[in-house]
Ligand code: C5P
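In structure tokens, one chain follows: the form predicted on its own.
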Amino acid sequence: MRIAIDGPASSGKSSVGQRVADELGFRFLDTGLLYRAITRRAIDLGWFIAPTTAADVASERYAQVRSDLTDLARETDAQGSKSSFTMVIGGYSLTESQLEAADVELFVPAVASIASVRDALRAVQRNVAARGGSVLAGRDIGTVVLPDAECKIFLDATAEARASRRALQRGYLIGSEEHKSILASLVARDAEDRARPVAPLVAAADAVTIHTDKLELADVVQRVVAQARKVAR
């Protein structure tokens, strides 16, 4: 069985997906890490030196960068098994701290907006899903990557609820400047993800939507597991 979990940034996709996979004995892949890996390498190689939006990277002056990023995507793989995947580009492994760095957060939306990059990474994601029971989390899994997935889930929550969760996870007070910055960033990311012409963020027509604003993580996990078992009957 293949379980596709989609949703906006900080909606709980990774936390839920990991726990669902653990409970079912499936492998889990957070597909966003693939885009983060490419972004990390591009930054380290000096390809991004100023804030870059999806509109910027679509312009003619970024044609060479788009081509180079696509080449990186073709060299990218998720190596490992079960939930212990490591992002590898051309034999170069990236650590979790490298992928979660603040500068990656700044540029990854632009990288993820490039059609040729998404096309190249689709094969990696499908390869993981083809190995057996799997849970893939992202923004276009149920609509583009695995449109025939047996179980599709869309996790949703208000930007305010998601910003509060992320702020608390990072040790910031609700109402602090850091919290306000996180909220503004999520609102901007939502707009960019939903409006992009390539694989926009949208729930698949046959996905089960779960609104997580007032739900505990364990409750969301059990709802997804129940849906998966229902589909498997």
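Sequential numbering from 1, following the sequence displayed. Keep in mind that what you see is a predicted model, and the values were worked out from it rather than measured.
Below, we refer to the form predicted together with cytidine-5'-monophosphate, which is not included among the displayed structures.
In the predicted complex, cytidine-5'-monophosphate sits within 4.5 Å of a heavy atom of I141.
Using a 4.5 angstroms limit between non-hydrogen atoms, F28 is distant from cytidine-5'-monophosphate in the predicted complex. Although the partner is absent here, R66 lies well away from cytidine-5'-monophosphate in the predicted complex, with no heavy atom inside 4.5 Å. Although the partner is absent here, L155 is not a contact residue: none of its heavy atoms lies within 4.5 angstroms of cytidine-5'-monophosphate in the predicted complex.
This chain appears without its partner; in the predicted complex, the one residue of H179, R41, R165, R196 with a heavy atom within 4.5 Å of cytidine-5'-monophosphate is R196. Residues within 4.5 angstroms of cytidine-5'-monophosphate in the predicted complex, judged by any non-hydrogen atom, belong to 29 to 37 and to none of the other stretches in 42 to 50, 29 to 37, 168 to 176, 57 to 65. For the three marked residues, K13, A112 and R189, a heavy atom of each sits within 4.5 Å of cytidine-5'-monophosphate in the predicted complex.
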